[in-house]
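So this first bit is one chain, no partners, the form predicted alone, shown in structure tokens.
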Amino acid sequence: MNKTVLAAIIVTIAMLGFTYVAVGSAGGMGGEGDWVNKLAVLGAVVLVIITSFVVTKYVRQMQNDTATGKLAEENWDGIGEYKNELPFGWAVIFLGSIVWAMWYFLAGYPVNAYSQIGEYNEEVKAHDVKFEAEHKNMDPETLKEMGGSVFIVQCAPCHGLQADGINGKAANLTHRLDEKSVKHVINNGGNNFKTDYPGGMPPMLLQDPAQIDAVAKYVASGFKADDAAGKAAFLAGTCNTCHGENGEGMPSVAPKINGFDTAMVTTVLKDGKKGAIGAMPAFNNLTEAQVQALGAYVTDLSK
């Protein structure tokens, strides 16, 4: 008997034995009426036998067959290829796969059929509607309490439990902006809040380093009234034209920069944020009630 065939028989017996031991030890043969598990075991056995047969067949072909047929005119470094016809079996399998795929897509498991993922999504959607209705008119304290819970789950991994940014790894949410962030926006512009502020902000509205430093200090300190130099630089750079004289912002024009509010937090959640220390992705997995609660919580942090 050919050594290859003998090796294939030994491997097949070993694999069948392993399958029997694995299935039997796990109780996979099932009871007398358990046809599902029995069919699964039968499929495993058939797969083992077919795999051994196919591998043996082609290994023997590689050992014994010689190439025949007409060579193609093209060759690469003296290596050519034969103009052999496509094996009939391959063509049947290819066409059969196409027919099966069309049947499976349209009839066997149509796209609108039941699925566990679809059921889960429907249940989540229904729960969100119920959640929104239950928490539609929360009092301020309940709103902030919910916001704290949302913050711990969604925001604290980057911003820290104390919202201090974990040593500069994320923005410090205990105040609106620091000098580094303000300088970055002045020098590079800002255009990622496209949903609420589609116009964006062009870069280099101020170019004098002294004025840039003065504006950065003025904005980061919370628009202190006694900072005459900062206020003068803020007006000279026409920052007030969009952001307002005291940094309160303008709807659809420029965001609020003298502190947080729910609208500002909502904007960041919708579009994410790019700044001096990196980028924050958008968060689209929160309900409207959770967004409002998070806005109330973050706003309270910066007071």
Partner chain sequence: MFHWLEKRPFFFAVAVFVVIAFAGLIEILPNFAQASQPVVGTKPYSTLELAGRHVYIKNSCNACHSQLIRPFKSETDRYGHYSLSGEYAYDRPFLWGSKRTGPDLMRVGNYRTTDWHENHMKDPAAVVPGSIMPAYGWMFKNTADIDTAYAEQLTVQKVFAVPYNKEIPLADGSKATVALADSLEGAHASALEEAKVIAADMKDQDVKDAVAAGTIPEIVALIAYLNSLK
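Remember, predicted model here, so these are calculated numbers, not experimental data. In this text, rigid core is short for the largest set of C-alphas that superpose within 1.5 Å between two forms. Residue numbers count along the first chain shown, from 1.
The protein also exists as the form predicted in complex with the partner chain; that form is not presented, and the subsequent description refers to it.
A heavy atom within 4.5 Å of the partner chain in the predicted bound form is found for one listed residue only; from V129, A228, V153, M204, this is V153. With the partner removed from view, the residue among A210, C158, A107, A133 that has a non-hydrogen atom within 4.5 Å of the partner chain in the predicted bound form turns out to be C158. Mapping the unseen interface onto this chain, K274 counts among the residues with a heavy atom inside 4.5 Å of the partner chain in the predicted bound form.
The shortest heavy atom separation between K194 and the partner chain in the predicted bound form exceeds 4.5 Å.
At a distance threshold of 4.5 angstroms between non-hydrogen atoms, G278 is in contact with the partner chain in the predicted bound form. Although the partner is absent here, V111 lies well away from the partner chain in the predicted bound form, with no heavy atom inside 4.5 Å. Residues of just one listed stretch (185-193, 118-126, 216-224, 229-237) have heavy atoms within 4.5 Å of the partner chain in the predicted bound form: 118-126.
In the predicted bound form, I166, K169 are the residues of 161-195 with at least one heavy atom within 4.5 Å of the partner chain, listed from first to last. Once the cores line up, the CA of A228 ends up less than 2 angstroms apart between this form and the one not shown.
Once both forms are fitted on their rigid core, the CA atom of N75 lies 2 Å or more apart between this form and the one not shown.
A displacement of 2 angstroms or greater separates the C-alpha positions of A126 between this form and the one not shown, with the rigid core held in common.
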